[in-house]
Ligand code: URA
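Here you get one chain, nothing else, as structure tokens; it is the form predicted alone.
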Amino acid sequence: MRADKILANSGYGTRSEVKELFRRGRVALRGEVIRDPGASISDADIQELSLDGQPVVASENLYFLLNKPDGYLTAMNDDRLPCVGDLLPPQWKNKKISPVGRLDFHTTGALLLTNDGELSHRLTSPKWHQEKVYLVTYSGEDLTENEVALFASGMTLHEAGHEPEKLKPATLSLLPDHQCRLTLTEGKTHQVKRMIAATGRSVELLHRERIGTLELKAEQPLGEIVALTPEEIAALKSSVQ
């Protein structure tokens, strides 16, 4: 396949924008710069392509992990407020990428972005029981083993103006300094904050560390988007068959 077609199909820009990448010497095969956009690349060599020294993710379906910063909507576009779509590099904006699930405006951490509609649907479906792990900083009395047992049993929320709502069992791990780690297998609106509020505490900071098999790396800074590795993509797909 033509080298420029590989990059264009993989979301690195329009055909004309991709040609400019070659003219500027930013594309290489096994470390050797390619300046001819029409160069023929074999299937075996596609994985050896790089752009600005980084491996080219050659696929119609694209998969990225964002470390979402505070103060961003989980949306691709918004006329009023910053949104995660603003953080997506220009070359991928025309690839129909969208977030998988959502994080609240002030919640930080792992957010999967993809244009793989089937994978997105399965990861958000209750059928597959995908774990979501949150690091919670809270105010109020220290959480105790009583709350650990309560969450593990599948607590029922009793909120004014609403019918009682039974939740699935969740794993609460107690940490020092008014922190805890909470693992859920469902994604009800504001669920972590509602669960903590039901114990008489308040969530001060909320950070998602993991979605299913996909774990945020400590060295990935807030606001950075990284392409998933083939191994990470395969693990996600395997987890939802």
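Fair warning: this is a prediction, and the values are worked out from it, not measured in the lab. Residue numbers here begin at 1 and follow the sequence given.
A second form of this protein, the form predicted together with the named molecule, is not displayed here; the remarks below concern that form.
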item	value
Which of 23-31, 52-60, 187-195, 173-181 lines the interface with the named molecule in the predicted bound form (heavy atom within 4.5 Å)	187-195
Proximity to the named molecule in the predicted bound form, single hit among V133, L103, L167, C83 (heavy atom within 4.5 Å)	L103
Contact test in the predicted bound form: L206 vs the named molecule, heavy atoms, 4.5 Å	yes
The named molecule contact in the predicted bound form: T107, any heavy atom under 4.5 Å	yes
